[in-house]
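One chain is shown next in structure tokens, namely the form predicted alone.
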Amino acid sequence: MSKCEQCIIRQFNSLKHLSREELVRMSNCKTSKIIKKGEPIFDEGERLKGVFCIKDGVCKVSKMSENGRNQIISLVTKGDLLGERSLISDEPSNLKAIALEDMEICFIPKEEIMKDLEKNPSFSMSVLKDMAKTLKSADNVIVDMAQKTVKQRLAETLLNLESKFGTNENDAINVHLSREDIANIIGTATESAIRLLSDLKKKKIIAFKGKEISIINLNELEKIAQGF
């Protein structure tokens, strides 16, 4: 098990603001685990007893609507912290997190995080900034759902996915999402997402390589995302 003070991953999140002494203490109480693809990190309604640091892999964070449809709120990846909002509010989580691929995560108990939040202003401010960024992103999702067409949301999602995850050796977006996942990101039925993806393929804006998606006409996709 790697030590927090030696872990490169902490440079990508709020843990970089902790002192060596604080990291050593955290390292002595954290636990590491492997989460298999499709397994939950936590469920909606669960009381979180700590914070998760994503060491490797990607998970989807979603919320179940009243009509039984999952809305994917965000994709959390290597270097991100997960669960700090529910921890600070001391309320059950209103979201669930499911691994999209095999993941390695570290779990830091609540009492350790709270000590650092109380004693380290730089760490506290960084956590607050991250939560503010998450809330801003949620605001944008609400506006997009209300004002943009499903086609616009799909185009914007594909652009955002390529920007966040880059491309692999096949020049495809480097994250494995099912058509249902894509539908749950843009807020539509799976059949509608498949139909829209096929339409973009026919127009040679994207290409399929197995289950992978490649953007081959970036300008046209950007125009669709902007409503042109």
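Everything quoted here is computed from the prediction, not taken from an experiment. Numbering starts at 1 and runs along the sequence shown.
Below, we turn to the form predicted together with the DNA, even though it does not appear here.
Contact annotation: residue 187 falls within 4.5 Å of the DNA in the predicted complex, judged by heavy atom distances. Residue 99 falls outside the set of residues with a heavy atom inside 4.5 Å of the DNA in the predicted complex.
None of the heavy atoms of residue 29 is located within 4.5 Å of the DNA in the predicted complex.
Among residues of the shown chain, residue 204 is not one whose heavy atoms approach the DNA to within 4.5 Å in the predicted complex.
Stretch 146-154 is the contacting one of 121-129, 100-108, 146-154, 85-93, since its residues have non-hydrogen atoms within 4.5 Å of the DNA in the predicted complex.
In summary, among the residues 33, 69, 49, 164, the only one with a non-hydrogen atom within 4.5 Å of the DNA in the predicted complex is 69. Just one of 43, 180, 171, 39 comes within 4.5 Å of the DNA in the predicted complex, counting any heavy atom, and that one is 180. Residues are counted as partner-facing when one of their heavy atoms sits within 4.5 Å of the DNA in the predicted complex; in 181-218 these are 187, 188, 189, 191, 192, 194, 195, 198, 208, 211, in sequence order.
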